[in-house]
Structure formats: structure tokens, C-alpha cells
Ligand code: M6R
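Form predicted alone, single chain, as C-alpha cells, below.
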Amino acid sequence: MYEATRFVALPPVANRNAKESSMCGIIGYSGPRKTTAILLEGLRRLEYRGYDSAGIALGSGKSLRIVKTVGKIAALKAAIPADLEGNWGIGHTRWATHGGVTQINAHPHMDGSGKLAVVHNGIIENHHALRAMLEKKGCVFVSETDTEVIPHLIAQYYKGDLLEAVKEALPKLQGTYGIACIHADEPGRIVGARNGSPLVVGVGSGEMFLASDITAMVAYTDKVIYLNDGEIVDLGVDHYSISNREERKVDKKIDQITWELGSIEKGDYPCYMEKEIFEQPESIERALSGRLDAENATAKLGGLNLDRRQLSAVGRVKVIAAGTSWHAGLIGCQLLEGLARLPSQAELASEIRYRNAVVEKDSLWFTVSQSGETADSLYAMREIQRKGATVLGICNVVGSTIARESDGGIYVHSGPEIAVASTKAFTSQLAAFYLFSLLMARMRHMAREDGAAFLAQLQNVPSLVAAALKQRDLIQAVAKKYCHAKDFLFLGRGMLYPIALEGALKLKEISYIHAEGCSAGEMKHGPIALISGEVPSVFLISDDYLREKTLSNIREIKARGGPIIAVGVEGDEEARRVADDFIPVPHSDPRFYPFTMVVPLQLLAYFCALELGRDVDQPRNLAKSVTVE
């Protein structure tokens, strides 16, 4: 994003208010290799997005074969006959939205002739009306899905040219979609279209790929083309063409994937989540790399696409985000106010997108999203842009929709994050906010020597995080002791309050234990009623002016028999004595404790989940990128 590739605002996209697409997975292949193996491998790499069924359509000669199952990719692989092979095909992992989790509802779906197959990410809002119209024309539907109207509709226009049929059918679809279509009478051809759901073309040597995510094809090519909304791709074994709604050919830049296949493998780790937790020293270092200006004691963020005069005119900062990214935004806003004296506020994207938000002329907005595809954040960003605001992105995924549609921003360079629960992307998002805060503070009132001190401390964050990770065994023992509790409280103050929220979210996400994060100062205003011997309280204790107040809160809970897990600064013997279990982190400037204190909470959630036998990387009901409302 943003240093390497300038953010370009796209033209208005039709049907902005449609419901968002579900984050399923699509893979398509046309080429000389064994198609079955490539489709299965692509689907396996898309598992992290969340799904409940899967299927493939294989073309051979002038016939199509469909295999689909409920459950994991392993079940699909077992269901495919050993001799089933093809020259081209499409595959899909489905997350049920319309219709239950059944084999019939799984993708791909076909038309009545059995010659046209479609996989689809998204929601077709007018599917009831289309189904009624198509049934009157004699079409017979076999599933409960909205997707099945697509192949039947395309078939109505098919006269020997799949691309033309798709182009005629698309204007009839209301909603969001990323689709891939094949027809038995056109061997090797795949037609894809995007409106609100990601699609990426992979350009190989004598072979072509189409996928919802570059991870599905990174084992085979490092050259990709990101489709924009309203674009249609027509690809074969050794060619592709892209056009838009106006049927004009679009010349697209081919981007090169810079990360290696090994970065999306587990390596020696049992789970992606553990691997990503322990990658944080390196991922934070990447987020900072090339952005520290020691000579001027400030940060360099060329991708903002704003000059000094424009930055100096900023009077307030607003952040749009969801979930973990919102927690990063809360910390970023506290830092901006404290360091740069800029009024700042973090907004939940799901709320602000339905509010008539006030956009002040001197405001600068950020949209924060690991995937760059989070629907609530994307749609909120578009609404704020309509009101004339400049919106910058903080994203991890290069070429994502938020990255392309925002006015500038910061790539966090975490590398691929596969586990559903975000860890390394969160601390890299923090790094981005720390860089921006330093930049703004130095432009406003911060003295050079203060900037140099802050910069030096920021450079030391990766080593501080590495030191915090050395408490792995201690945290595992604490998790084993408390993992059978039904409820947890997480408490912190100041910049550690959002970390308490993040710790509670992590525990909920992957262990399914109910947890609540709150400000320690709010204990007596309600949450103290929850205290009992069966409810552990996890306190975050800094060594700043709030330390004594936090210790006082701990004593209130101890007096009522509540177990205390304290995450505090090494050497804080009073905190160690008052707690039942104490997890130390290295001493630093208190402004940098969000980096080190979140690490024990990530590991606590991880080890609780392992003890309880949870699927850590793919927790139930969750998808990596939330693109449904």
C-alpha cells in the first residue's frame, strides 16, 4: 500500500447499499497441470477464511463433473474418485448464508443442462424474484441457495459464448458477488466477475488462475491482478482479458507477490496462531522498517499522500474499525491526543455506517482493517468519503479493496496472517499509529530531543516483545489452572484499557469462554457484582501514575474472594504479592506497554483454547475476514 503503490479513488460502485458478501473461498485453474490437485490445494489454503462445505467442478473434454461435500477439505478429497481429472475447473469453500449446511447447498451450482457451473461469494438480494421468473421459464431448482439463480440466469443468455452470457446476466443481479463460471462446451475457459467480493487473477507460465485470495495460488505464481468492482475477466490456458460494465477493455497492472510460500506454512509450530504470536518481533520490525527518520527525530510515511501543509491543517482524527482493529484504533487515538495533542476518536464501523456522521472540514479519518476487505469498515469509509473527508487506510493485505479505495495510508507489512484470531497484525497496526503519532507530534509541538527519545524507544519494541514471549511456559501453566472457568474479567486503565478489551476478545474467540473487558476504574460502577471465587480477573498493571489506583481495584476484588491474574512490570513485588498469579513483562516507557502486555493475553487465550481442545486456528462461527453484515 502505500509507499509502493499510490492509493487511487475508484469511481462510484453500483449498489453500494447491498448486503455484503460472505467470506467464502474461490479457486479456478486452467492449464496443463493436474487440475484436481491444484483445486484441492487452493481450497486448503483458503480454509482459514471459514467454511462449512466445499466442492469442485472439473471440465474434461466437453463434460463437467461435480463433487461436493459437507465438512472439511479432507472430506472433499476423500469423496473424489481416484481417476477423476480434468483440464480446467473451479472450486469453492462455502459459509452458509442462504440454506442450511448440506451437500445440495454446497457450491458449485449448475444450470438445468448440467453444462454450466458457477461458484459464488456474496449475497444475491433479488434471488427470490429471479427464482420465480426462472421457474416460470421451466428452470428446476434443487437447492435453497441464492447462488443457484446465477447459473440458471446465465444459461438463459447462453448462445455459445460464456463471456457474453455472463455480461447479459450480471445487470439482473442485485447484491454483491465474486463469481467464477465454466461451461462444458468451452474447454479451458473461466469467466469471473466482481462486485463487492474480492477476486484476483493469477498469471502463470502457460496457465491461469482465478481466486478470492492470493494465498490460494501463491504456490504456483507470484504475478497477480486485482479486479475492481464492476470488472469481468475472461481467461484461458495462456491468455486473459479484463473489461468493465461499459464493455471497455481494461489494461491492468500485474503486481508481484513479495512474500514467499513458507510464510503461509506452519513450519515447526503446531498452529498458525502460535506461529503468528511468536512472529511479532519480526512483524513489528517490518512495520517500522524504513519509516524512522533519526536525523529529524520523526517518522517517514510517504504513502499518506498528504504534504506537510495538509497534515498541519488537520484539527482532529477519527478512526473507523471493527473488532481487534478497533482496539488498535482506541490506543492510537489515546496516543495521538497525548503525544500530538490532536482530538481523536475511534468509531465502530458497524455503527457509524448507519449514522449521519458529522465530518468536520479539518478532520482526517483512518480505516483500519487487517484484510482490507472488512465490509462494515469498507462501507463506512465510502460513506465518509461521500461527505468529502480524506480517509487513509491501515491495512495488511496489499491490493485489498480498502487499500485501493482509500486516499492514502500505511501498509503494516505483517505478512500473511492465517489464524482467524488476529495477533501480529494487531501489534503492527499499533506500530502504524505510533509512527503517525510521532510524525504529527513533531510537526506540532514536540521538541527534537523528545522525538529522538520516543523514536529510540519505538525501535526497541521488537526486543521488548521478544522478552515478553519468554514467559510462554509460565503463561501455559496459568492457562491450565484457570481454563475451566466459565467467566473472565479483563481490566486495565489508560492505554491498557483497550488491551483489556483485546484480551477478552481473544479469549472469547478461540476458547469460547465468556469474557468481559472493562476499565478498572469502572469496577465499582457495576462489574464488581460479577466477582466470585469462580471468576478470575486479569489485571494489567503499568508502573505509571495509574498503578496505585489499579492496585486498589485489585484489593477490592481480593476482599470479595476473586482470583487475580496480574500482568505487570518485572520487579513490581507489590503487584506480585497481591496477585494469585503474576506474569511479568519487561520495563519500558509506559506508553509502550500495549505492545508487551497484549502478548501474555494472546498466549493465555491460546493455551486455554488448547487445554479445552478447541480448533485454535479456525474457531467455530468465525471467518478471518468479516464481509457479511
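Only a predicted model underlies this, so the values are computations on that prediction, with no experimental measurement involved. The first residue of the sequence shown is number 1, and the count goes up from there.
The form predicted together with the named molecule exists for this protein as well; it is not shown, and the discussion that follows is about that form.
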I need to confirm a contact call. Of P498, G323, G451, P536, which residue comes within 4.5 Å of the named molecule in the model of the complex, counting heavy atoms only?
G323
With the named molecule left out of view, choose which of V461, L505, L173, L76 has a non-hydrogen atom within 4.5 angstroms of it in the model of the complex.
L505
Assert contact_stretch over 518 to 526, 193 to 201, 229 to 237, 315 to 323 against the named molecule in the model of the complex, heavy atom within 4.5 Å, equals 315 to 323
Taking the named molecule as it sits in the model of the complex, is E509 in contact with it (heavy atom to heavy atom, 4.5 Å or less)?
yes
Classify A421 as contacting or not contacting the named molecule in the model of the complex by the rule of any non-hydrogen atom within 4.5 angstroms, answering yes or no.
yes
For S414, is any heavy atom within 4.5 Å of the named molecule in the model of the complex, or not?
no
I'd like to check something about T401: if you look in the model of the complex, is any of its heavy atoms closer than or equal to 4.5 Å to a heavy atom of the named molecule?
no
Can you tell me which residues in 354 to 371 come within 4.5 angstroms of the named molecule in the model of the complex, by heavy atoms?
V368, S369, Q370, S371
